[in-house]
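Here's a solo chain for you in structure tokens, the form predicted alone.
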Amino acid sequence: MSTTPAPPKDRSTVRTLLRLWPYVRPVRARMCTAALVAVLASCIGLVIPLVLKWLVDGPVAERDPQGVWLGALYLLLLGLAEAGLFGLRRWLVARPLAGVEASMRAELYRHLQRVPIAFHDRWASGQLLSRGTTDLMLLRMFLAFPLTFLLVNGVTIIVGVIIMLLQDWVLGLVILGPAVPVVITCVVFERRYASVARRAQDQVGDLTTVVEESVLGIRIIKGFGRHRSQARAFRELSRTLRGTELHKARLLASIWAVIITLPELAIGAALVLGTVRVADGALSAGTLVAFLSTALALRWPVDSIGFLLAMSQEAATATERYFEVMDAERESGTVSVPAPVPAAARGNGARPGGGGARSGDDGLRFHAVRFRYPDAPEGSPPVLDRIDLHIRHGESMALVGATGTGKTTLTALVPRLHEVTSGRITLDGENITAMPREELRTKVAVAFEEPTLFSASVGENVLMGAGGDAGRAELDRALAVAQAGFAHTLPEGTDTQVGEQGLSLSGGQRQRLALARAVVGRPRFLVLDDPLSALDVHTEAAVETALRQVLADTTALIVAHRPSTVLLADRVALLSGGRIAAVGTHHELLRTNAEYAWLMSGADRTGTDGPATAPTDIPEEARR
């Protein structure tokens, strides 16, 4: 069910992780300081075996108690210094890396507000959520620990090996024996673990999507008794994720088996050989103690290679997933304006039989607009094809058509939620693609068919549609227009929190608040997508009465399905087969267009699968 892109097969872990550099750059000084502190602490740990060598070959061999106490003091001071430096390293990275995570999360959120609607149509919300939470947590953990300790442990191993070779090169070669098989194991492990880590993180996103959908759709699940099927779907995804995590665990177990067992065998062999050489007098006891202490000090850097590589692969996968979103192209503020469409291709958009037509391109105008969804199959017909329509300044036009003819898509083109494939749309003669989106969306207000509210107060939800200077007067006016006076009777009035998606309110209440949000800013252009569908007859009549006053001062495009909504408009446009089939007043189209008459009649059309045709007995109320 994942909708994410497939990861590149030739991915380079280092190249992928280097993409984090712009975010790390501001804190690079503290990161480098922390790394140097950690290297120093690790090197101090390697001094301890040298002190042990001096202690064994000196005070212990010479039976000097004072020297033994002095050696013990040195060891204590070195241990405290090592612990203090590692604590300092953690302090140095904690605050800046929390800031890096916060800034990346904020940038991801800002970017998601600026990508096209088509992007959100393709991506599951759970996948986006997991990228902003789990993946960024993995990146913070990588920057805080594996990134530093891959360097620190590498330096520690190199310095430790040099120290052992200087103490006794024969024993040093014994310890280096497992190096080649360990390196080969790491290379194989890294390649295999990368694909499994990617699969696991994608499955976490799928699981998050199921949880989110189940929470938001809990009323549907309970209403239809589907809790068992949802639980079964969740269980299947959980089982799949569990299998992937177990695969990761098996890979980790295999590399740990190699990088722990082989060095332990080498240390055992060095211990036996070194003991024999001490017995033969070829090696001092202090040197053997120092050598073995150094080898044991290197156990942690070597043993940690497995999970450091695993965390690095998970971080690389998280980086990859993060930038799959960040690399998505944002909506551009303006685009190049296409050449004007010839007048012959535009159509007149005139009002049939009507009078008083204005000249010019004032109001809202569609010029030979064609639209096809970006991910539509090649060669598929466009959703909208050569739309020519002119809504004059101060005029309201109803858009009518059968279900699936593209009415909502057409309205989404006006605020540029989708971009036209060809043609152009103008507001008072200005191409909307030549305007910054912010400017366009201050001129055009939209009320969608599905009223979406946020986890905020009623007032905040409504005033979201106005400028920053809107106040109480504008809020009360918008609520009055939308007949949403119920807001004042809520427990805390308009300060009442409506809850997630406004599900604490009825459908009609949500729709009225969405309508109030559309009209609160007194927009010049208003786009309403079936704004009254959830209202009862009496409330609908009251809203229509108040809405007529608003429509008298604005240019409006209204998607309508019922005659009562159509009558709000000055003219009606019939959308059929992706084209504007007819334009006129409600009464004109009832008399002259069979398809429109059928749509307004509400009559059943039995036995017909082709284009709509007019019935012979249109109810009288539809003709009025």
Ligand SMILES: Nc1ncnc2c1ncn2[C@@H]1O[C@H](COP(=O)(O)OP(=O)(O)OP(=O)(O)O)[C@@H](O)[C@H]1O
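Quick note: we count residues from 1 along the sequence shown, nothing fancier. What you see is a predicted model, and the numbers here were worked out from it, not measured in a lab.
The same protein also has a form predicted in complex with the named molecule, omitted here; what follows describes it.
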message: Within 4.5 Å, heavy atoms only: does residue 408 come near the named molecule in the predicted bound form?
response: yes
message: Considering non-hydrogen atoms and a 4.5 Å limit, does the named molecule approach residue 561 in the predicted bound form?
response: yes
message: Since only the chain is shown here, I'm wondering whether residue 492 would be in contact with the named molecule in the predicted bound form (any heavy atom pair within 4.5 Å).
response: no
- request: Verify the contact flag for residue 419: yes if a non-hydrogen atom of it lies within 4.5 Å of a non-hydrogen atom of the named molecule in the predicted bound form, no if not.
  value: no
query: Within 4.5 Å of the named molecule in the predicted bound form, heavy atoms considered, which of 454, 91, 486, 373?
result: 373
Heavy atom within 4.5 Å of the named molecule in the predicted bound form - residue from 281, 404, 225, 471: 404
query: Within 4.5 Å of the named molecule in the predicted bound form, do we find a heavy atom from each of 121, 383 and 449?
result: yes
message: For the interface check, one of 98 to 106, 241 to 249, 395 to 403, 271 to 279 should have non-hydrogen atoms within 4.5 Å of the named molecule in the predicted bound form; which one?
response: 395 to 403
- request: Let me know which residues along 576 to 594 have a heavy atom within 4.5 Å of the named molecule in the predicted bound form, or say none if there are none.
  value: none
